[in-house]
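Consider the single chain below, provided in structure tokens and representing the form predicted alone.
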Amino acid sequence: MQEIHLKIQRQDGPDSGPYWDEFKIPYRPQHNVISVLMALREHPVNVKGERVAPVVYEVGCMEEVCGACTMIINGKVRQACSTLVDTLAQPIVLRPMTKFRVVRDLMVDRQPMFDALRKVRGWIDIDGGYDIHVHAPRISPKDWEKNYDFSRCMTCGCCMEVCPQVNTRSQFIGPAPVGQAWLFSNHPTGKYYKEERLHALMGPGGITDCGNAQNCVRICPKEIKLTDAIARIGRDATIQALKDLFLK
């Protein structure tokens, strides 16, 4: 292999139309997709010989932890930092995720996921009637093991990208926020807001809008058991509905 051939879907801004640009750069072993884009930034000349604006993308940790560099690579949504060029067929086709607004080129706005986390109170309150460093509630090893699985979610958007219920015609908040709602409701401190989270998920865009396609659990780069969380939330929502009906 003498060259690395890239075919990139580009977009100049949120309101612009997409177009394609192709590039070739000298081959170097052990490139990942992000390092290729970094190399391209130094000499942004396309295959037509035109010098163009450098390709815009987002990157943070370079360790498949932040989720910022998620994009569609050769038809599969994944993290660009952990995708090695030597494992990909050429030309390497790069596209932005389709379920989020494009900011520019390969960079998208993942704000809808963060808004969904606010909706389901996706955090643990550290203020309370106890010293969190000395008398914080303890957690059982069994629950710790379950919670650790979901704590690895990096809000990358892969599950949202492949979920058929996440679209412009649906209000479904997506698998990742549902998983985080279950995680924080299973925490010894977070459980005190479980009812609030369930009510949020019992409303429009909540758990009943999930079509159980199970694409999310197959695509998750951290192999998080998202369908387990969806099933548990569904059960808890049914119990909560009965409580609301009979215990008012």
Partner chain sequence: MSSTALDKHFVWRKLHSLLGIVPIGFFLCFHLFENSLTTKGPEYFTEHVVNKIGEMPYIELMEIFFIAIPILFHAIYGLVIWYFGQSNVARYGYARNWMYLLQRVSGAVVFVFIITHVWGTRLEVLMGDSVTKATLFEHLAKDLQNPLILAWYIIGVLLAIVHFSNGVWLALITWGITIGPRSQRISSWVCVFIGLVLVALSAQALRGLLAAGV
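Numbering follows the first chain given and starts at 1. Here the structure is a predicted model, which means the values were calculated and not measured.
Not pictured, yet referred to below: the form predicted together with the partner chain.
Novice: So in the predicted complex, are 6, 88 and 91 all sitting within 4.5 Å of the partner chain, heavy atoms only?
Specialist: Checked in the predicted complex: no contact with the partner chain for any of the three.
Novice: Just to confirm, residue 232 within 4.5 Å of the partner chain in the predicted complex by heavy atoms?
Specialist: Answer yes; at least one heavy atom of residue 232 falls within 4.5 Å of the partner chain in the predicted complex.
Novice: Considering only heavy atoms, tell me if residue 173 and the partner chain come within 4.5 Å of each other in the predicted complex.
Specialist: Yes, residue 173 lies within 4.5 Å of the partner chain in the predicted complex.
Novice: Is residue 194 a contact residue for the partner chain in the predicted complex, using a 4.5 Å heavy atom cut-off?
Specialist: No, residue 194 stays farther than 4.5 Å from the partner chain in the predicted complex.
Novice: Would residue 213 sit within 4.5 Å of the partner chain in the predicted complex, counting heavy atoms only?
Specialist: Contact with the partner chain, yes.
Novice: Taking the partner chain in the predicted complex, which residues of 190 to 204 have any heavy atom within 4.5 Å of it?
Specialist: Read in sequence order, the residues that approach the partner chain (within 4.5 Å, in the predicted complex) are 199, 200, 201, 202, 203, 204.
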